[in-house]
Ligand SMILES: Nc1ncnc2c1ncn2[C@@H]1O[C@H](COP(=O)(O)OP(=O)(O)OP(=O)(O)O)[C@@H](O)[C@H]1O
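Before any questions on how it binds or moves, here is one chain, the form predicted alone, in structure tokens.
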Amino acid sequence: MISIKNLTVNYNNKQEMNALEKVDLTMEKGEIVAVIGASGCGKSTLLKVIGGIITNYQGVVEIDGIPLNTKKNLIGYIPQGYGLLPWKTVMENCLLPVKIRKIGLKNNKKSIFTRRVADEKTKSLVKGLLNELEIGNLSKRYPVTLSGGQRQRVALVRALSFSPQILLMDEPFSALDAIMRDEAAEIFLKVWKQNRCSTILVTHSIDEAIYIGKKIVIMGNSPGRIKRIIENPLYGEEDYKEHDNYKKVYHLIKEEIREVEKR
């Protein structure tokens, strides 16, 4: 479980400049939460706090009742633009989180053996995910040679390469066209169901939020606060747009966002 209580983030130590203010959010293990709102409402800031990128904040962030610790909590992160290193191949990018965290390494007589086992298991997992996403033949390619959709899939594999407890996704489909966005969302859910890690997806797309999020969190801005949390009645519905509740849920979210933008 992820529990956030009274979270406040201030970049400039001035009260009027709070990026987030008094944010409370609870999500169950294995749940997907979609966060949506106008630009500048603190969506990315929220991810950066949970991901350990922003450490200067007020309030409480707990994982399973224990204060957030990125050295112990396994957190996968897909930033805007995917964050792939251009000088590394697809495979090298995908193995990077494990290399950084040194998962499986121990300072004992079995350290070399342990490292080899961990490396082989990780490579096997990564190869399986690359094949699952139909990009297994791209493992030796560099990011610059890939399409937007291919880079998105590589970023997903990298984030899942060490079986994270928590997956953070900052507008992962925004660089794709409408058709590719729908396909990418379907691919993500297909792979996610094999792991079912707790996931927070930041998006500007109402349809993405409805399709992917079990909970939909609508953010208000200046400062960033949670305006409303919707328990999504269309969660898990592949043909959600054909559902009787679709227009109602869509317009509810749209009107909530419009009210924020008018302020």
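Computed from a predicted structure; not experimentally measured. All residue numbers are counted from 1 along the displayed sequence.
As for the form predicted together with the ligand, it is not shown, yet the points below apply to it.
Asks: Just one of Ser198, Thr70, Ser205, Ser44 has a heavy atom within 4.5 Å of the ligand in the predicted bound form. Which one?
Replies: Answer to the contact question: Ser44.
Asks: Here the chain is shown alone; which of Ser124, Thr145, Gln80, Asn131 has a heavy atom within 4.5 Å of the ligand in the predicted bound form?
Replies: When the ligand is considered in the predicted bound form, the option within 4.5 Å is Gln80.
Asks: Looking at heavy atoms inside 4.5 Å, which stretch does the ligand contact in the predicted bound form, given the options 210-218, 232-240, 32-40, 55-63?
Replies: Correct option: 32-40.
Asks: Can you tell me if Ala19 lies within 4.5 angstroms of the ligand in the predicted bound form, counting non-hydrogen atoms only?
Replies: So Ala19 counts as contacting the ligand.
Asks: Contact with the ligand in the predicted bound form for Glu92, defined as at least one heavy atom pair within 4.5 Å: yes or no?
Replies: No - in the predicted bound form, heavy atoms of Glu92 and the ligand never come within 4.5 Å of each other.
Asks: Sequence order please: the residues of 160-195 with a heavy atom within 4.5 Å of the ligand in the predicted bound form.
Replies: If the 4.5 Å heavy-atom criterion is applied to the ligand in the predicted bound form, 160-195 yields only Glu171.
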